[in-house]
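Okay, here we've got a single chain as structure tokens, the form predicted on its own, with questions on binding and movement later.
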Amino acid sequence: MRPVHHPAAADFDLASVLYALGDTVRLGIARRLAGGREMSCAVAAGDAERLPKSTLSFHFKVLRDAGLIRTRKSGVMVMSTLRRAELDARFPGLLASVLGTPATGTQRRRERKL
């Protein structure tokens, strides 16, 4: 596996993030990763694992390029995590709204101050 590019949080683009989450397969992957656990791509794909590997690779690339996930190689598996803290800092409340998952403790404190 060649080195993977992960954009810096400052480079996250709202349009790219929304585009990445606008597909039902990618939205499902993000929702499964929202629990905070690192998962193999096969587990994170869930029902979508029936799709061709090339299609799944494309979906994970779109999520990674938008800054939504971080991937790393572990033996023969590729592990993914949602970059929740970085995304919540850059776009407060976005993931909670789109994924239907509660905001992190930091996000809740920030919302109380407003």
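Residue indices: 1-based, along the sequence shown. None of these values were measured; they are calculated from a predicted model.
Another form, the form predicted in complex with another copy of the chain, is not on view; read the next lines as being about it.
- Among heavy atoms of residue 41, none comes within 4.5 Å of another copy of the chain in the predicted complex.
- Contact annotation: residue 19 falls within 4.5 Å of another copy of the chain in the predicted complex, judged by heavy atom distances.
- Proximity of residue 15 to another copy of the chain in the predicted complex falls within the 4.5 Å heavy atom cutoff.
- Within 4.5 Å of any heavy atom of another copy of the chain in the predicted complex lies no heavy atom of residue 89.
- Screening 27, 56, 34, 78 for any heavy atom within 4.5 Å of another copy of the chain in the predicted complex leaves a single hit, 27.
- Applying a 4.5 Å heavy atom cutoff to another copy of the chain in the predicted complex picks out 92, 93, 94, 97, 98 from 71-98, in order along the sequence.
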